[in-house]
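In the block that follows, a single chain appears as structure tokens, in the form predicted on its own.
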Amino acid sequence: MTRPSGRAPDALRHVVLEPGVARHAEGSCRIRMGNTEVLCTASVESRVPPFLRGSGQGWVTAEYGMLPRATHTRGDREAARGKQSGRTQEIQRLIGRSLRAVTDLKAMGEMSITLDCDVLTADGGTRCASITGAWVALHLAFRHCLKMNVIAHMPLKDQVAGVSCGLWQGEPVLDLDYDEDSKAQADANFVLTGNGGLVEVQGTAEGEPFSEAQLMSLLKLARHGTDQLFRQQRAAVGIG
């Protein structure tokens, strides 16, 4: 079995995390996974949604979008159409859930952080790259809040990262690019925490169903991949 990219079955694409790339955002990170590139920015506001007012609890949420030429052909701006697609809404909710899973919202006090994840170039795995890069941006935003004495201690309880896995020519492989994703017999997105917790698993077969044993082999690959991503996240924010 030979992958289109020539990578080994358990190999990630080349990953680069660039922290602090947006001048005005409290936290930011540009993540590259192969040819997929996403700009993640974290914006801090001293207010919370109406349902949290008076609760003493903060909120972390996300918005996701793709630039018109992030793909091979130009896509319309969703703002110009006047509404977001179902795919966009599903992905940004996933990003928000993933980040809240590792955040102590009570430790934030009544403040909100919005993670904007804008896809500059898409070549598969944009939602997973967004989650991984958004964690770096969120960490840096909280660090800014600590420096400004807005919060007393770091609200992040753990790391979170996302990676895709799939069955290519019947074999489990890690981190699908577009060529693989578009032809895989099955593909799954795994969102995992640094302590080994599962935040979300999204898996789909194309054609023949896949087995529980195959799912577990994909999960094993995902843990291998996210372990590497966690190391790069820590390096990006300067922690051991």
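Because the structure is predicted, anything quoted here is derived from the model rather than measured. The first residue of the sequence shown is number 1, and the count goes up from there.
One more form of this protein, predicted in complex with a further copy of the same chain, exists but is not displayed; see below.
K.L.:
Is a further copy of the same chain close enough to S55, K147 and A161 in the model of the complex that each of the three has a heavy atom within 4.5 Å of it?
P.N.:
The answer is no; none of S55, K147 and A161 reaches a further copy of the same chain.
K.L.:
Would P209 sit within 4.5 Å of a further copy of the same chain in the model of the complex, counting heavy atoms only?
P.N.:
Contact with a further copy of the same chain, yes.
K.L.:
Using a 4.5 Å heavy atom cut-off, state whether E180 contacts a further copy of the same chain in the model of the complex.
P.N.:
The answer is no: E180 has no heavy atom within 4.5 Å of a further copy of the same chain.
K.L.:
State yes or no: in the model of the complex, is some non-hydrogen atom of H14 no more than 4.5 angstroms from a non-hydrogen atom of a further copy of the same chain?
P.N.:
Taking the distances in the model of the complex, the answer for H14 is no, it never comes within 4.5 Å of a further copy of the same chain.
K.L.:
According to a 4.5 angstroms non-hydrogen atom cut-off, is R231 in contact with a further copy of the same chain in the model of the complex?
P.N.:
R231 lies outside the contact set for a further copy of the same chain.
K.L.:
Can you tell me which bits of 88-103 touch a further copy of the same chain in the model of the complex, meaning any heavy atom within 4.5 Å?
P.N.:
Stretch hits, in order: Q89, E90, R93, R97, A101.
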